[in-house]
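The chain below stands alone, shown as structure tokens; this is the form predicted alone.
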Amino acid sequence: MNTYFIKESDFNNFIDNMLLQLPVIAPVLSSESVESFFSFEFLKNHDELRLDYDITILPPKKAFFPPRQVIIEFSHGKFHGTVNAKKQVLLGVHPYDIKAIDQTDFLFTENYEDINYTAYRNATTLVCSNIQTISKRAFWGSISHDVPARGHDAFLTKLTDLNEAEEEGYLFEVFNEKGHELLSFGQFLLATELQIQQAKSINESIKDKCPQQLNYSQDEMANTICRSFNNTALWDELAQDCFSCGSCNTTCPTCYCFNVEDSWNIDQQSGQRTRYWDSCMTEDFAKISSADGQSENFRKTTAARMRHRIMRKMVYLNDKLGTQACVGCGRCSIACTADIADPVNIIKRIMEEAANDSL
């Protein structure tokens, strides 16, 4: 690893030089009313970049795994894949989203590689940035906290609260050749030991500042949630106000389910195959066809779907991933119209129920 420093006064030139050579996807302000909303978009200029964002509406996985992706085009009995990955930079990803991308990398390469994902993932230089503003529903400080963020090519930390003699700027840690290539776009200096320690302190100190906390170990949560599986009344209560809209899944950085559909053009000889994000919280997700035009739904009720979602996040994938399939970003909590999707509230309710049963 090599560590560099770029002055605040040189940072905009760094971004603009990069934009002249490569597409850059980064957090921008997407709307501003009572509160601000941010999203990862292709940058047009440095003025759009908002590294002080709290959370983005959709996770950065959309850079490699779009909500809607045409994967095959066909015509008159012939077909071809549409993967056309080109070099790009995904800049300003928070550490919790880096952890989510690391999980998705594993799940899309386990056993059978999904080239529709890996082609774009491998073509992307991934730059993490420190968290400057914390989302109001964040709890990443108390979940998966023992799992390091990994898989990124560089890490950018804004140095703040400096002495008057020190110049403001960014520490830039480079982990591999992809990250090193970005140095050519800016006027970087070798970082001093003081700057390295300042960045370390900034990134360590913010871990305890999340507004929400889960004060249980991974095993405590997994075991207790497992034991609640047949507590029908509890799951009915937790899912009582659910609209089955799927917003919690759609905004989740670790969800990776998708559906595939073929669509035909009016000539009935050509068309395309498209995959798009799917949600286990929607009513039709677990519905299958059966004989005589009938159908069967393995999870007919909102309670069954809520239980499945929580089990997937907190239990089912733990052994495979080495941690929960939740990174504590809080997007599901923000997106839920009924305000019932918050994993913190759900898990606390399950733990409280278990504690009462043991009295």
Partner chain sequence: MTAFENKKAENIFLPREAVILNIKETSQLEKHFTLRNADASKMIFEPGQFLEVSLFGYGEIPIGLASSPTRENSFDIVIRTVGRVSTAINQLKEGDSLYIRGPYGNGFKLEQLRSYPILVVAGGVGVCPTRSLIQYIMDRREEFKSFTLFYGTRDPSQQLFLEDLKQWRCSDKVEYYETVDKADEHWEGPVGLITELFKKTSIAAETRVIICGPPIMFKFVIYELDKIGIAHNHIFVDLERRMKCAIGKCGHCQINNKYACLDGPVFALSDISNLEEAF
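Positions refer to the first chain, counted from 1. Just so it is clear, the structure is predicted and the values come from calculations on it, not from any experiment.
Not on display, but discussed next: the form predicted together with its partner chain.
Mapping the unseen interface onto this chain, R227 falls outside it, with no heavy atom inside 4.5 Å of its partner chain in the model of the complex. Taking the partner from elsewhere, H46 is found to have every heavy atom lying beyond 4.5 Å of its partner chain in the model of the complex. For L317, a non-hydrogen atom is located within 4.5 Å of its partner chain in the model of the complex, even though that partner is not displayed. Residue contact with its partner chain in the model of the complex: P211 places no heavy atom within 4.5 Å of it. At a distance of at most 4.5 angstroms from its partner chain in the model of the complex, all three residues H80, D262 and K287 contribute at least one non-hydrogen atom. Interface residue among L183, I134, V147, L107, judged by heavy atoms within 4.5 Å of its partner chain in the model of the complex: L107. Proximity to its partner chain in the model of the complex, defined as a heavy atom within 4.5 Å, singles out one entry of I72, L194, C245, I206, which is I72. Residue heavy atoms within 4.5 Å of its partner chain in the model of the complex occur in exactly one stretch of 198-206, 213-221, 252-260, 92-100, and that stretch is 252-260. Taking its partner chain as positioned in the model of the complex, the residues of 110-144 that bring a heavy atom within 4.5 Å of it are, in sequence order, E110, N111, Y112, E113, D114, I115, N116, A119, R121, N122, A123, T125.
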